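As structure tokens, one chain now follows by itself in the form predicted on its own.
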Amino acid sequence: MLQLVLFNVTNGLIIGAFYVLMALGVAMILNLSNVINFAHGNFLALGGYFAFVLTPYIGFWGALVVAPPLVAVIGYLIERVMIRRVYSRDPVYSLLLTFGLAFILQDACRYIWGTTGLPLTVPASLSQGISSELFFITGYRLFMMAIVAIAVIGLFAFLRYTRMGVRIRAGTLDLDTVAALGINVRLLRSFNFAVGIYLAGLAGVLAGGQIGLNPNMGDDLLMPAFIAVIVGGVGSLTGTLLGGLLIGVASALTTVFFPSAQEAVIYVIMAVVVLIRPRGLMGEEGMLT
């Protein structure tokens, strides 16, 4: 029984790590630009497919480095051409725009790479379990957790210690004042959008090595990512981080005792948090008003 619980906790941490990367990207875009990016999961799939194409030429390690920035560049261009045109309008316009964009990206992946699943080959050295008893904890799973931890620490350090990061944080609190100080808000939003998409692309490469590739691979992670933002609190990246890990582990543990409630539990958690603390665990009051 203990091994079963440990197995599911490990799975929960892995799933939670994907939720964290997705949710942090969603939260960054939402916090600064007030855009609910429904296409975020499709950028994740794009990152995985880019890695699949690059791996035969530069290997998995090279693809891990190159694929996420390529997805970020595409996100940057899409933001400049499409997303920024609806910033001054009602948020429903950006919601509908990204909803349609999700279908376009998904169909593009289907057209180029087909509808069947594709494997993303990872180094053989990472495929082995760390021991015969803990065979389910592979080197690749530990590697994924390490990469996610590095990415999260790097993101928080960037936001805290770099000029661009400080501007993004300030813009999250009061974008009008940031603009009045002479900062190029259009460029700030574009860069912030690209960073959020980079996180989705990185999650796509890591997820592709774990579960394989298919055009719908981001759909299962998108809604939990939004729930992680709500549970953690809109406006708080730290809360989003905690929210992603919380719902990931809770969902995995529920599988042990109530398998049929595996998906429902994250909605129950969201409902309880919203009822008790509407702003989320660490959210700031009035972020969306």
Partner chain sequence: MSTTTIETVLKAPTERRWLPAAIVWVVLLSAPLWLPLVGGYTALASHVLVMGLVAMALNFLLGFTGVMSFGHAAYFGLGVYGAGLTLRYISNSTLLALLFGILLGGLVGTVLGALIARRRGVYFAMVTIAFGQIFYYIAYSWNSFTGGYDGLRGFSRQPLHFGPLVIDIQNNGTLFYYFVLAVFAICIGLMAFLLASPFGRTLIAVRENQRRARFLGIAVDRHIWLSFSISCYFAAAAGALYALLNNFADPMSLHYSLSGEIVIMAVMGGMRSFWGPLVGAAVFVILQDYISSMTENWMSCIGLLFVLVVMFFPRGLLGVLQRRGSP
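Residue numbers count along the first chain shown, from 1. Keep in mind the model is a prediction, meaning the values are calculated, not measured.
Heads up, the form predicted in complex with the partner chain isn't pictured, but that's what we're talking about next.
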Close approach of Val66 to the partner chain in the predicted bound form, 4.5 Å, heavy atom
no
4.5 angstroms heavy atom contact with the partner chain in the predicted bound form for Val86
yes
With heavy atoms only and a cut-off of 4.5 Å, decide whether Ala250 touches the partner chain in the predicted bound form.
no
With the partner left out here, check for me: in the predicted bound form, does some heavy atom of Leu246 sit within 4.5 Å of the partner chain?
no
Val53, Phe143 and Leu155 - do all three of these have some heavy atom no more than 4.5 Å from the partner chain in the predicted bound form?
no
Tell me, please, which stretch of 237 to 245, 31 to 39, 57 to 65, 44 to 52 lies within 4.5 angstroms of the partner chain in the predicted bound form when heavy atoms are compared?
31 to 39
Between Val148, Ile74, Leu97, Val178, only one gets a heavy atom within 4.5 angstroms of the partner chain in the predicted bound form; which residue is that?
Leu97
Name the single residue among Asn214, Gln106, Ser190, Thr172 that comes within 4.5 Å of the partner chain in the predicted bound form, judging by heavy atoms.
Gln106
Looking in the predicted bound form, the residues of 217 to 254 with a heavy atom no more than 4.5 Å from the partner chain, listed in order, are Leu222, Met223, Phe226, Ile227, Val229, Ile230, Val234
